[in-house]
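Single chain ahead, written as structure tokens, the form predicted on its own.
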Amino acid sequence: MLELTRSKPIQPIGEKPGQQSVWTRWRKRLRKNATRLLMAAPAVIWIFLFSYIPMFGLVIAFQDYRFDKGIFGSTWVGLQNFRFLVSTEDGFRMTFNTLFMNGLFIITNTVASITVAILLYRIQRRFVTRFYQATMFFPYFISWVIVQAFVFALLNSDTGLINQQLTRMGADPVQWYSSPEHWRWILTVANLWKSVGFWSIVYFAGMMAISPELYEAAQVDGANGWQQTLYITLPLLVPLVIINVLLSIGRIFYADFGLFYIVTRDQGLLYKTTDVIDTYVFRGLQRTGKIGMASAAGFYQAVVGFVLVFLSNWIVRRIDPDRSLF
């Protein structure tokens, strides 16, 4: 009888048989997931230090911030810093350019990347596929300063290669850096050249996850390459496309500063089609030094992007719940 009593575990006070305390369960989970937690710790710490702690500085968006007074001593101005975004002609222009160009980039990048990925997937020799991937992926690592030099060599009014070809064909040369109507497609082509290699690899990896048995069954049924792409590849890529598009929509109010500022050489005659929120705020800081205005623009971009992600995800969820992001 004494041995049976000693073999039974001591039951904590207030705990029913078969139940474990909260601390015991947490300790077991920590011990079980210790490796994963250690791997995630650097990223979590980085996000906490550089994304969450700086959020305290958002109060600057509602202040007439001055360095000598600091955050706690600067004058509170409410929504005054946000007025230039919605009440001025410049604010409407830069907001429209940001939305239009980023929307154009999302559409063209998605279509071009999927097309290139499908073409790469259809190549039988893997060595040739890797060669094309490396070749197209290389521009992704080139800075916009180098890209600007390439673009200027092509579009220079006097010695540019494009104007030289136009002259040889009997056409008049174009003053590219004083013609804003041409720069929507110029920036689109530059963005495609730099980013299509990266995104094509993303979609190519998604295609590699598709079971080859589906293609073999389609070939047995007599489906050609176009039909296999249309009825197998594209439908199975839809979830990946939706995730990438939703994440891109979240940053639709953030323009690529290097593309819009460096590639255009900050030419004032091009502002009609190339001036976006980021470049406008940068020039405003250079001229006026108003930190509150820049902080208000960043806060505005983050909030609108957050709302657009939830709205887009809600639309996807209403159409097909299984393909929504969350």
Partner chain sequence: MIRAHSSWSYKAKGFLGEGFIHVILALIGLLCVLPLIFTVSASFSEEKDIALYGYALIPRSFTTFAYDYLLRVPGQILRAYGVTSFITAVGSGLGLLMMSLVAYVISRPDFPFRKQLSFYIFFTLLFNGGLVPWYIWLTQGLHLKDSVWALILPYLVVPWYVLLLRTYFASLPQELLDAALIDGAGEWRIFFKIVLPLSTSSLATVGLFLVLMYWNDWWLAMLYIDNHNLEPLQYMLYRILTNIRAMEASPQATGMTPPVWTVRMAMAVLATGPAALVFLLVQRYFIRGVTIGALK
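By rigid core we mean the largest C-alpha set that fits within 1.5 Å across both forms. Positions refer to the first chain, counted from 1. Predicted model only: the values in this text are computed from it and were never measured.
The form predicted in complex with its partner chain exists for this protein as well; it is not shown, and the discussion that follows is about that form.
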Q. Does residue 173 reach its partner chain in the predicted complex, with heavy atoms at most 4.5 Å apart?
A. no
Q) Should residue 235 be counted as a contact of its partner chain in the predicted complex, where contact means heavy atoms within 4.5 Å? A) no
Q. Is there a heavy atom of residue 166 no more than 4.5 Å from a heavy atom of its partner chain in the predicted complex?
A. no
(Q) Since only the chain is shown here, I'm wondering whether residue 105 would be in contact with its partner chain in the predicted complex (any heavy atom pair within 4.5 Å). (A) no
Q | 142, 244 and 302 all contacting its partner chain in the predicted complex, non-hydrogen atom within 4.5 Å | A | yes
Q: Could you run down 145-162 and flag each residue that has a heavy atom within 4.5 Å of its partner chain in the predicted complex?
A: 145, 146, 148, 149, 150, 153
Q | C-alpha of residue 74 moved at least 2 Å between the shown form and the other one on rigid core | A | yes
Q. Does superposing the core leave residue 63 with a CA shift of 2 Å or more between the shown form and the other one?
A. yes
